[in-house]
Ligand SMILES: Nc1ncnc2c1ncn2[C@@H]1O[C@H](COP(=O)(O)OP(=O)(O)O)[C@@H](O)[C@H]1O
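Encoded as structure tokens, the following chain is the form predicted on its own, with no partner shown.
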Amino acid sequence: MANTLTGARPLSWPHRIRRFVDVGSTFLAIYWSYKRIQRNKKLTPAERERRISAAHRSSAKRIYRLATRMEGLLIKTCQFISSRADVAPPEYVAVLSRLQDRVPARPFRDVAALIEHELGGHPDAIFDDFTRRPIASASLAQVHRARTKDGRDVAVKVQYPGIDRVMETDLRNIAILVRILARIEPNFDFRVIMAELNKDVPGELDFVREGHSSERVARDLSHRADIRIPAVVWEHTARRVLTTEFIGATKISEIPKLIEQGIDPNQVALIMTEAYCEQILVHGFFHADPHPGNLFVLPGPVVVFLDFGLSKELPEGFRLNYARLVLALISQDEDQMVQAFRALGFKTKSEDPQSLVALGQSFFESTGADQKPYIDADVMPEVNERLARILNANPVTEIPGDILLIFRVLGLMSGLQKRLDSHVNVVETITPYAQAQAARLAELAEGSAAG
């Protein structure tokens, strides 16, 4: 059967089964390593903490080895975990962060063969200079620095040969696991996530589409001098090769280097927050993968956005109702919160709105004199425990697919803000954007009623 992603033939059954068994056995071993610690009642609190820390590091290394060997969706999962410094154990962040842009690279001969297939010539014939060693390597592709014949400094992103088949296999295997889990544990039904993955992954493998996505966000944010997006070099771009201008900047997570350059990390956090408020709430089209390997900083500061493979467009009605939800969350207006959730497509097991109220409160839950947001690691465990109790009694049975990448962005931004030691007031920052769009929703409703 043809690959649904690219038309290529999927991996053979033996390869698919081997990947399935490797993933299953790895995570089963990790599960039991934690279970043994939990069952050992003789451990003192200090010894238990020491063993859990060791288990975190050992498990992270095990996952790292599995991901680098198998590539595909596993690497993307590891990138997400390592970006969640607000909730992930530091041992996982330390080990898995190496996969942000330092995935083991493919040999140059493979890169050259793919470029020749896509662009019609060897890299040395197309470019004036092309580095043999990549400057970055991630889950789907690696990036080489080059110089065009007319002297432009560029970055050339080259898709890994055969990665389409690997992704196809992982999607099928994960779908099997998700179906089994949904049957055994109805409260853990992740089929909506699988549906989104099946929609998003093909876009990530199409670099022409990625180029157009980057240009769209660049146009939307062109009025901001503190945002920069590399220009696409279309004459050297094809479905599996993307060439853009090269911008030398500092990775957003390299805080000491930012400070050395006189860059205020808190100002960087503010720019990032404002940029996402505008992308999601105003334009309804956003860069959906803000992990540290995709965000860089120039003095100014100017935030550089890279890699638009995972981008999302929101229907206008959804975008406006999301703005309405944001305002309800900020004001903690439970009636408006429930109405907005339902307008977005959230459904619960019964008509009791308590699950939706609990879900809403979890976004902006605060405690103590310093009003820490829910995303702070000091607050999350307590709120998660309370939220889990309510959702188990009356679970949210349907979550709209369009919200999933917004949740992902919020989570990744939370981790980045923690790394940047951000003091940005998220509520004050987001409120003007949400108010403007909620007013637009009210205008549309009035116009509809009048008509």
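Throughout, we count residues from 1 along the sequence that is shown. Because the structure is a prediction, the values reported are computed rather than measured.
The protein also exists as the form predicted together with the named molecule; that form is not presented, and the subsequent description refers to it.
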*From the candidate stretches 165 to 173, 216 to 224, 340 to 348, 133 to 141, select the single one in contact with the named molecule in the predicted complex, where contact means a heavy atom within 4.5 Å.*
133 to 141
*asked:* Under a 4.5 Å heavy atom criterion, is F108 part of the interface with the named molecule in the predicted complex?
replied: no
*With a 4.5 Å heavy atom cut-off, would you call P301 a contact of the named molecule in the predicted complex?*
no
_Check K157 for me: does it contact the named molecule in the predicted complex (non-hydrogen atoms, 4.5 angstroms)?_
yes
*asked:* Under a 4.5 Å heavy atom criterion, is A275 part of the interface with the named molecule in the predicted complex?
replied: no
_I need to confirm a contact call. Of T237, N294, S311, T250, which residue comes within 4.5 Å of the named molecule in the predicted complex, counting heavy atoms only?_
N294
*Have a look at G360, P230, G211, P265 for me and say which one sits with a heavy atom within 4.5 Å of the named molecule in the predicted complex.*
P230
*asked:* Given a 4.5 Å distance limit between heavy atoms, list every residue of 242 to 257 close to the named molecule in the predicted complex, or none if there are none.
replied: T244, E245, F246, I247
